[in-house]
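Presented below, as structure tokens, is a lone chain in the form predicted on its own.
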Amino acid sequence: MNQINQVAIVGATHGNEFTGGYLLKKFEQFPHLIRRTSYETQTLLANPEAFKVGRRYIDKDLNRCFLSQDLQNSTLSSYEDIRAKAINQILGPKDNPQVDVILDLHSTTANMGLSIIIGNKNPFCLQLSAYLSAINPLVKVCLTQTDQASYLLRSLCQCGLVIEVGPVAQGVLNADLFLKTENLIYTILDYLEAYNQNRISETYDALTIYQDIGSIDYPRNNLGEIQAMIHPQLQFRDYEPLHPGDPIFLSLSGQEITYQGESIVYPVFINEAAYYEKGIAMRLTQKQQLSNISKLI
């Protein structure tokens, strides 16, 4: 990546995820906290109306509104579609963004701890992720392979990162996760500053990533009603290995339902509250080790 000139910190893409929204409120009160000398940092409250009423969205999920064709479609007139077009004007346009790095702040009801989610194997994003996980072993890195055609807000630029923290209930501030997210942001901003000033003395060649490979829905009847819940042995065990034959669901009648895959996987977003409407009980990932990352830069 060339010189970093513009960084955007985005919060409340989902209005009931208070960690990001209130961190932005803090940064607006104390802008020196995110000010660095070699680049400009801007903040953006993505979904202010949903944040105001403490709802995930008003009409539809804003974080599914950034497909290029949707941004150009004047007939899409929901609140979130209009808001996505406005954000594209502020941070984009998608094919020629005004920002070099996007930090999109999210929280989850799942036990994701401190997670970085990236959408591609951009060398700079990989090196940054390797640095973050090396200095803080609590940081996990997920890869959801998407390109510029993605519908996610982070896809507005090549180096768009999601900071996902949990577990925290929707519409609730958790001081511990608030502070951990805040410190992670400062660490990233300091890294970007050091990168611009050629002060990165050490590169990190190894990175563990969790590659998204799909999702599993809850068992349902022919009316679409859920017939089982996450098994107690799996609840809160994000990033832990799930073996074929391990229990994943417990039916309403008390029957255990086991994982029928053929290999070990690592579930994430287990029992995420916002995913019930999307038909997702958990995302499945494969654990991978990347090496020689510095040679990609």
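All residue numbers are counted from 1 along the displayed sequence. Owing to the predicted nature of the structure, the values given are computational and were not obtained by experimental measurement.
The same protein also exists as the form predicted together with another copy of the chain; that form is not shown, yet it is the one meant from here on.
Picking from 64 to 72, 252 to 260, 237 to 245, 34 to 42, which part of the chain touches another copy of the chain in the predicted complex when contact means heavy atoms within 4.5 Å?
Selected range: 252 to 260.
Quick check on K25: any heavy atom within 4.5 Å of another copy of the chain in the predicted complex?
Yes, K25 is a contact residue.
Touches another copy of the chain in the predicted complex: G113 (any heavy atom, 4.5 Å)
Looking in the predicted complex, residue contacts with another copy of the chain do not include G113, since no heavy atom lies within 4.5 Å.
Test of understanding: in the predicted complex, would T109 fall inside 4.5 Å of another copy of the chain by heavy atoms?
Contact check for T109: yes, within 4.5 Å of another copy of the chain in the predicted complex.
Give a yes or no for L173: in the predicted complex, does one of its heavy atoms lie within 4.5 Å of a heavy atom belonging to another copy of the chain?
Judged by the heavy-atom cut-off of 4.5 Å, L173 is in contact with another copy of the chain in the predicted complex.
Heavy atom within 4.5 Å of another copy of the chain in the predicted complex: which of Y131, F124, F178, Y195?
Looking at the other structure, the residue within range turns out to be F178.
Residue among S215, Q227, N183, T203 with a heavy atom within 4.5 Å of another copy of the chain in the predicted complex
Exactly one listed residue reaches within 4.5 Å, namely Q227.
Using a 4.5 Å heavy atom cutoff, which residues in 55 to 78 contact another copy of the chain in the predicted complex? It's fine if the answer is none.
Going through 55 to 78 in order - heavy atoms within 4.5 Å of another copy of the chain in the predicted complex - there is one hit, R55.
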